[in-house]
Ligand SMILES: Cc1cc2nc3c(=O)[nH]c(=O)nc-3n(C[C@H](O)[C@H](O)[C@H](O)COP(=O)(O)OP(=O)(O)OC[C@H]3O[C@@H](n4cnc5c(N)ncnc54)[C@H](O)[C@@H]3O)c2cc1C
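One chain is shown next in C-alpha cells, namely the form predicted on its own.
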C-alpha cells in the first residue's frame, strides 16, 4: 500500500494522520528511501476546517474541555505534551486546568503541521477541503467519490467521520420538527437565534445542554431556559485541583466481575465504597476503568448490553462524562437564579401558534405526574446528543454507504459494525481490510470511544496497523514491510 485516504479531520482523522506521517517517515529513513516516491496521504474534510471538528470548532472560550489539561495529551507516549504546549500559550495553566476548547483545536493543528514538516519528502500530505459523496472498496483498494464528481483512488481508507446531529425524539405527530422554531442540531447555523426575552426549551440535560445554556447567556439571553430529560440528571462535576488527580489503580479482581449489567453496577458501587473508606474519591475509581471498559463491554452478551443501555446508561454517563468545575458552577448559578429550570419528564407533543408570533407550546409529562404541563417557549433546541443509529442519520455520505451495503449498522444502533481491529464489515458480512474505522462510531465494539484518553490510543493502533502494510520504494524496487 502506498496511498491512503482519511475521511474526516476531527481528532480521530487528524491524529491517525499525524501518527502515519511520523511512522512512515521513520520507516523511509530506516530503509534509505527518503528520496524515492513518497507515500501519499489524502486528508478529506468537507468543512474545510482541518483539525477542528465539531468538538473544537466553537468560538466560545466559555466552552471548556471536560478533562483537565494534564490528561489531554494527544500522544500516548508523551503524557505531558499538551500541558507543555498549553503553558507556552498561557503560563498560568496547570495540570488541573480545564482549558477552552478552541485552544485544543489549535493544539491539534500545530501537531499536524509539525508532523507534516518533519516527514519531509518521505510522505506527501494533501488536504482535500471537500466532502466525500460515496466510497466503494474491493481487494485492490478504495475509490472515494467527492462532492462535485471527482474521485480519489487509494490503497486503503479510514473513516473518521465523528458524530452526527441528534435524532428527533419520537412523537406521535412530528410535524413540529419541520418548524423554524426547532433546531435539530445545536451547533448548526442559527441554532441559537432566539428573541432575547423569549423562553427556550432544551431537549436533554447532558454536557451539550450545559454548553448551549452557557452560550445563550453569553449572547445576552434574558428569558427562562427550560431543560428536560427523562430523569432530569445533570453531569457530575470534576473536582477542583491544581494538578490532575493521581491515577487510581484498576480494581483488583476486575476479571471476576459479573458479566451482567446489574452485576457490573453492583461491583462498581462496592469498589467505590471501599475506595471512599480509604479516602479515594469516586471519580478516580470510575476513571480507573477507562482502559478496561472495552473488555468489560465485550464480555456482556447482546442482551446484557441492551439492558445496560436501557437501565444503567443514564447514570453511568452522568458520572463518567463529567463537567468542568467552572461549567458546573455557572450552571448551578443559573439554576439558583431560576434562569435555568431542569425538568424530569418527556415531551409528548407540540402546538405551534398559527400567528407565528406566539411561539410554541410544549406539552411535557413530568416524571411521576398524571397530567401534562404546558411550557410556552420561543424556540426548542435538541441537545440529546449525537445520533448513533446510522439508519436514521440524514448525512448523505453515510446514507449512501448504508444503502449500497458498503457498511452496516451494528446490532445495537451505536455506530458501524467492525472487526476487533477496526476493519468495516459490509452488509453481506464481509470484513473489508482496506476500509477502516476510527472514532465514536466504534462504540458498538468498544463502548467508551468518544474522548481523547481513549481515541489517542485507538488512532495510534490504527496507524501502526496501516504502516505495517505499506510498501517502501527502495532502489527501484518495492519491498513489502
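Here the structure is a predicted model, which means the values were calculated and not measured. Numbering follows the first chain given and starts at 1.
The form predicted together with the named molecule is left out here; the points below concern that form.
> Taking 4.5 angstroms as the cut-off for heavy atoms, does residue 122 touch the named molecule in the predicted bound form?
Replying inline: Residue 122: no contact with the named molecule in the predicted bound form.
> Is there a heavy atom of residue 452 lying 4.5 Å or less from a heavy atom of the named molecule in the predicted bound form?
Replying inline: Taking the distances in the predicted bound form, the answer for residue 452 is yes, it comes within 4.5 Å of the named molecule.
> Taking the shortest heavy atom distance, is residue 417 within 4.5 Å of the named molecule in the predicted bound form?
Replying inline: No, residue 417 stays farther than 4.5 Å from the named molecule in the predicted bound form.
> Even though the named molecule is not shown here, does residue 211 get within 4.5 Å of it in the predicted bound form, heavy atoms only?
Replying inline: Looking in the predicted bound form, residue contacts with the named molecule include residue 211, since a heavy atom lies within 4.5 Å.
>> Between 436, 446, 44, 69, only one gets a heavy atom within 4.5 angstroms of the named molecule in the predicted bound form; which residue is that?
In response: Selected residue: 44.
>> Quick check on this chain: which one of 85, 397, 282, 176 has a heavy atom within 4.5 Å of the named molecule in the predicted bound form?
In response: So the residue touching the named molecule in the predicted bound form, by this definition, is 397.
>> Quick check for you: of 195 to 203, 374 to 382, 219 to 227, 157 to 165, which stretch puts a non-hydrogen atom within 4.5 Å of the named molecule in the predicted bound form?
In response: Among the listed stretches, the partner-contacting one is 157 to 165.
> Within 122 to 137, which residues come within 4.5 Å of the named molecule in the predicted bound form, counting heavy atoms only?
Replying inline: If the 4.5 Å heavy-atom criterion is applied to the named molecule in the predicted bound form, 122 to 137 yields 130, 131, 132.
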